[in-house]
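One chain comes next, on its own, written out as structure tokens in the form predicted alone.
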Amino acid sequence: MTCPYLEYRSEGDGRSFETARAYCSAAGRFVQPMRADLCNDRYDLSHAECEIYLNHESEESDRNGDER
């Protein structure tokens, strides 16, 4: 499973790209290719260890009143 906040965009921040780039919708910014490897769970990496993902999930849980 890849990160649910990962998108690929060919435009953003007032620029356009020939090849779509990894964009983190949780952070609201494009991410470096090495970060995208984490987002895509490549090379035995896991997005579940990403601090952006964890912070966003925690904030969502707090907003929804989920118990931990």
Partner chain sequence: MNYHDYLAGEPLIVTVAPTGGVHGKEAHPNLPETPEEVAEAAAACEEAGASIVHLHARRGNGERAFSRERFQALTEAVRAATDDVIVQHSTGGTGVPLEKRLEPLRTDPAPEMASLDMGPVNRYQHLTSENPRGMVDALHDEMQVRGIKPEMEAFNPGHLNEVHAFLERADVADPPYVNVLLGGGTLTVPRPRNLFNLVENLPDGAVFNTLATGRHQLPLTTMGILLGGHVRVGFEDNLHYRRGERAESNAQLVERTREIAELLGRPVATPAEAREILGI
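C-alpha atoms forming the largest set that superposes within 1.5 Å between two forms make up the rigid core. Note that this is a predicted model, so its numbers are computed, not measured. Positions refer to the first chain, counted from 1.
Beyond the structure shown, there is the form predicted in complex with the partner chain, which is absent from this document and is the topic of what follows.
Although the partner is absent here, Pro33 is a contact residue: one of its heavy atoms lies within 4.5 angstroms of the partner chain in the model of the complex. The shortest heavy atom separation between Arg21 and the partner chain in the model of the complex is within 4.5 Å. At least one heavy atom of Leu38 is located within 4.5 Å of the partner chain in the model of the complex.
Not displayed here, the partner chain is kept clear of Glu60 by more than 4.5 Å at the level of heavy atoms in the model of the complex. Residues from 1-20 that approach the partner chain in the model of the complex with a non-hydrogen atom closer than or equal to 4.5 Å are Tyr8, Arg15, Phe17, Thr19, Ala20, in the order they occur in the chain.
Taking 2 Å as the criterion, Glu51 does not count as shifted between this form and the one not shown: its C-alpha moves by less than this amount when the rigid core is aligned. Asp13 is among the residues whose C-alpha shifts by 2 Å or more between this form and the one not shown once the rigid core is aligned.
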